[in-house]
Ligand code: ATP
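Just one chain is shown here, as structure tokens, and it is the form predicted on its own.
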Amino acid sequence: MIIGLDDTDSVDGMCTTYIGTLIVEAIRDLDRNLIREPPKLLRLNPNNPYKTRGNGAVSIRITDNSNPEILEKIKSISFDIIANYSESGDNTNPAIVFLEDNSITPEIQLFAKRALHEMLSIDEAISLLNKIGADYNFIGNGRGLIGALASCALELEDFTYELIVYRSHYKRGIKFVTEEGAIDIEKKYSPRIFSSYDFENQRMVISPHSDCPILYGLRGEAVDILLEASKLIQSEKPFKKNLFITNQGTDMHLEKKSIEEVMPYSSVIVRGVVSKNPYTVSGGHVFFEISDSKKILCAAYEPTKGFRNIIRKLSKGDEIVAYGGVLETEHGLTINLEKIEILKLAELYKTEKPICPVCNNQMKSIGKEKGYRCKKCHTKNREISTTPISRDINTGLYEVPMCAKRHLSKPLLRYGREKKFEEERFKFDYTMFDIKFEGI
């Protein structure tokens, strides 16, 4: 059986991974061997306007389905945890689903994949659940069923791990996590552990600023180094911890599209030619336009910091590939850039006034397309002198800084380091992993 849950948090606090951890803990109190692999933290469409923060859903796989009484108890306990610990709010609609492994149809797998790229309906999720006779429950309007169902069926190829350490959900306010540990981890373990400290902007990125119960999270490629690196972190006393298999840092949300195929709320990889030079608007956001026969705006918003300086160096005629999420803005459809690949730089020239061949003075223009004339000796010249402009930018792939990176965005340092999920998933013995802290 697979348990899926989503939408248990609000802008004021809580976290779906924390609720998932409480459920895992309760199930393992029944029988430690019921869960043999880490739960999954699956990031879905990052452009979803209903998301609270990272649009993460959680799924938990139960390995022993033989005892109906135990399974019913698990369902009851799990929903009680959802009901008792989820946040309340206008945009919070907690949901939980229970699926048998063999009930996941190709139609549901496609639904899960679409949840990365599209806006899906509650009615479609309910219809699919009813079609396979799945048990489910929800609070509110049922929107959480979309992510809960998708989290059970989403198939991973590349994947990463995240070790998440929590404070008590009752505790609010400033979190105490020292930057020194994050700095040491970034220096010692990168790229095996990624997105810990942004040296360019001098910012720690392992600890969220919201009032969610996450104290800090370490993302990486192997369990042993995450556990080892966590010893470098100095923080307030942790309450719980858990390990998740995730699609973070994989670019799983991006799809190759032509500009004509681009839709709002999708995440795309689009190839085009710069058709309008970059310009900066109020707030420090930088826009430019690309074309492949159709046109679309691209934006590097202020939080991308120094990445905007790369964008400002683009020019009409440059061939690029834009990576990012698509939103409908006051300017029309706009790609919010996560990465950009510069394939070919246009050759730029500046026009220079010619030098008089007779008296060596710089000649003056005598009108548009009429040429030049020397003011001193009146010699005329219709030839225009041009000089190549050196481009202060190179072809290649550029990404936004770590502090502006989305959970799903693959860091450049992970390129070529993909991990095959089906080859790795059972290499860690989760039954030996302790999600509790002694004395708490």
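Computed from a prediction, not measured in an experiment: that's the story for all the values here. All residue numbers refer to positions in the sequence shown, first residue = 1.
Missing here is the form predicted together with the named molecule; even so, the following discussion is about that form.
Here is the short version: of V177, L297, L120, L129, the single residue with a heavy atom within 4.5 Å of the named molecule in the model of the complex is L120. The single contact residue among R143, R219, R167, H253, judged by any heavy atom lying within 4.5 Å of the named molecule in the model of the complex, is R143. Proximity of R53 to the named molecule in the model of the complex falls within the 4.5 Å heavy atom cutoff.
At the 4.5 Å threshold, heavy atoms of S59 stay clear of the named molecule in the model of the complex, well away from it.
At a distance threshold of 4.5 angstroms between non-hydrogen atoms, N48 is in contact with the named molecule in the model of the complex. For the chain shown alone, K410 is not a contact residue for the named molecule in the model of the complex, no non-hydrogen atom being within 4.5 angstroms. Stretch 8-16 is the answer when you ask which of 428-436, 8-16, 21-29, 413-421 has residues with heavy atoms within 4.5 Å of the named molecule in the model of the complex.
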